[in-house]
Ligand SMILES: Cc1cc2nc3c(=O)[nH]c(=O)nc-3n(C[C@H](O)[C@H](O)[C@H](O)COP(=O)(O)OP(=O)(O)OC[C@H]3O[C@@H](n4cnc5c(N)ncnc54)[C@H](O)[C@@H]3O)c2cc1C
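There is one chain below, alone, in structure tokens, taken in the form predicted on its own.
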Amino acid sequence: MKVLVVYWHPEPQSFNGAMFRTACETLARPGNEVKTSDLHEMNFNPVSGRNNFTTVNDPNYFKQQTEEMHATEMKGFSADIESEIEKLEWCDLLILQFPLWWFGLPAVLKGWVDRVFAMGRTYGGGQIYEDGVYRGKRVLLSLTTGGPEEGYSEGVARGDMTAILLPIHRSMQFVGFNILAPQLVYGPVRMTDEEREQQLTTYAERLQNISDEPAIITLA
């Protein structure tokens, strides 16, 4: 199994950092290959613009999707974007590791999606959902929250976690990924060292059998 782990957190010693290292170490066993994108370490630029490309379709008016289609035809993606797209094309399993910030992906990881999921190369021309470019691949959202689990249930102010994650899951299904159940750690800052260690052990145990784990259904 070929695994790509894309991770962002501004503090390497964070619990997200520990989850990232746990995933990499657990999955790096015979029969698996692991590649990573540590976006903070890479100083990944999340801002889209002409910096996404080495080609130019319209020098007078920038429309990202048009330039993406042109770059797809002309092999004109910038080196940083081309490298990330190639990792996506290579992997069987994509893991996104992140803290939930403002009910979604943190800005750098969202910017990674905005820049790397390029029209023409990643979707378009009818290649969406069950006909998506990445059909047959799987994605796992692995994330932490600031609040406790009871704060993310149906009927409470924040809303239930399934609804919060649905836009992210839907975007992944749009390009063809099958969706695995998320790996959720609620409020690790509120836990003892022993509780955090148990969470990492539980995650590692899950990852040992992730190749056989069935996808969940997130869209009707």
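Quick note: we count residues from 1 along the sequence shown, nothing fancier. From a predicted model like this one, the values you see are computed outputs, not experimental measurements.
Keep in mind the form predicted in complex with this ligand is missing from the figure; the text below concerns it.
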Checklist outcome for this item: Here the chain appears without its partner; judged in the predicted bound form, the stretch of 126-134, 94-102, 112-120, 74-82 with heavy atoms within 4.5 Å of this ligand is 94-102
Item to check | 4.5 Å heavy atom contact, residue 193 to this ligand in the predicted bound form | outcome: yes
Checklist entry - According to a 4.5 angstroms non-hydrogen atom cut-off, is residue 184 in contact with this ligand in the predicted bound form? => result no
Checklist entry - Should residue 197 be counted as a contact of this ligand in the predicted bound form, where contact means heavy atoms within 4.5 Å? => result yes
Checklist entry - Can you check whether residue 211 is within 4.5 Å of this ligand in the predicted bound form, heavy atom basis? => result no
Checklist outcome for this item: Near this ligand in the predicted bound form, with a heavy atom at 4.5 Å or closer, the residues from 1-18 are 9, 13, 14, 15, 16, 18
